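The form predicted alone is given below as one chain in structure tokens.
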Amino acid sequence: MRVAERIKHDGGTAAKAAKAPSAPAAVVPPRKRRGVNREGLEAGRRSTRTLLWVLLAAAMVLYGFPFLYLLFTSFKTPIDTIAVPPTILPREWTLENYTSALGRNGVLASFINSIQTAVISTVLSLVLAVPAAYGITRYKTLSGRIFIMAALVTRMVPPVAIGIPLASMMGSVGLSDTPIALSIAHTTISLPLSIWLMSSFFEAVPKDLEEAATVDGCSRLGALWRVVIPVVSGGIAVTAIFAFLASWNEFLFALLMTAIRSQTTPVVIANFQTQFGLDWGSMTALAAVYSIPVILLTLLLQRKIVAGMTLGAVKG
């Protein structure tokens, strides 16, 4: 009886406690978050952007000033070209250097020889480098890896070490003083770099594209021609630019392997001498004209070059 009364008493007490209003819970103040100093971040970004622009401007000055100085010198009078101290801008602007340089015998023929040699060398480099790089990247054999490393090592060989043997070989087969012989010699310079570049571009192309093409009925060669080459067209443009420049600017092989008929413009520029010394005005004028085709080619292939340089950047 006492137990029942005690349970009843405890239950009533619990019920009253439940009906009584509960005390308000203590309000815990929210933790303060560390504030983001947006002004500091913006200031840091502005300083970084400014530093990048300063570095870019410095690089442009370092790369562009020699060409600008050459261009300004081509418009100077003969006295100004040898003035001490030299001046950047001409005191008197003249076109005499251009008329004198372009009017000399052999200059137009040297331009034609340079274009022929560079085009033939570029075509040979691409025709040989594209299948070689494709086979190396797709089959991944030990011999392929050894081959591409050997191709890279050949770039370390000084051109003078193979220039004289090449000149002797071309003379023995009747190709001395011809654009064909010089093009073959220039291909030995540009081919290793072309293979290396094209290998990196082919590596960025997923194999799924070729497998899909083979499912549709293409052969390995058909998949390469119809699918892979259009994808790496930007890389081919980049490789062509480097191969063309390697031939266009080459001097040693042209000096060793040409005499009169196939002399290129760099050799002709080096022969601009008078009884008083080098004819700086005519040399700079012809050099400025000689740089125009490369500048135009780069501008025409600008989109392809950008696409080729960014090929594989988002590969995943």
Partner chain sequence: MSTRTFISRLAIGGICTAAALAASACGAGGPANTSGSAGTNTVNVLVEAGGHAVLTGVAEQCKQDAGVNVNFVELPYDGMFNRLSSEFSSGNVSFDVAALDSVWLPSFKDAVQPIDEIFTEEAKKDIFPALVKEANVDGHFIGLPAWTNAEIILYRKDLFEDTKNKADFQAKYGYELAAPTTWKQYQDISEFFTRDGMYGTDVKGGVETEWLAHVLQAGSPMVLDGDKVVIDNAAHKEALDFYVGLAKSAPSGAAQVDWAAAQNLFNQGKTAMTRFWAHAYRQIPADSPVAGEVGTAPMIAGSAGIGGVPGPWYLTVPKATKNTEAAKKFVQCAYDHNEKGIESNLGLASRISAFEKYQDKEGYESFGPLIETLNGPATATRPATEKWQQIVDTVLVPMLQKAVAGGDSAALLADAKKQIEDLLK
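Numbering follows the first chain given and starts at 1. Just so it is clear, the model here is predicted, and its values are computed rather than measured.
The form predicted in complex with its partner chain exists for this protein as well; it is not shown, and the discussion that follows is about that form.
Contact annotation for the candidate site: 120, 171 and 226 all lie close to its partner chain in the predicted complex (heavy atom within 4.5 Å). Residues within 4.5 angstroms of its partner chain in the predicted complex, judged by any non-hydrogen atom, belong to 78 to 86 and to none of the other stretches in 202 to 210, 78 to 86, 141 to 149, 189 to 197. In summary, among the residues 246, 237, 109, 126, the only one with a non-hydrogen atom within 4.5 Å of its partner chain in the predicted complex is 109. Interface residue among 95, 71, 102, 164 relative to its partner chain in the predicted complex, by the heavy atom within 4.5 Å criterion: 164. When contacts are judged by a 4.5 Å heavy atom cut-off, residue 251 counts as touching its partner chain in the predicted complex. With a 4.5 Å cutoff on heavy atoms, residue 180 counts as touching its partner chain in the predicted complex.
At the 4.5 Å threshold, heavy atoms of residue 154 stay clear of its partner chain in the predicted complex, well away from it. Interface membership of residue 52, defined by any non-hydrogen atom within 4.5 Å of its partner chain in the predicted complex, is ruled out. Of the residues in 234 to 267, those that come within 4.5 Å of its partner chain in the predicted complex through at least one heavy atom are, in sequence order, 251, 255, 256, 257, 258, 259, 260, 261, 263, 267.
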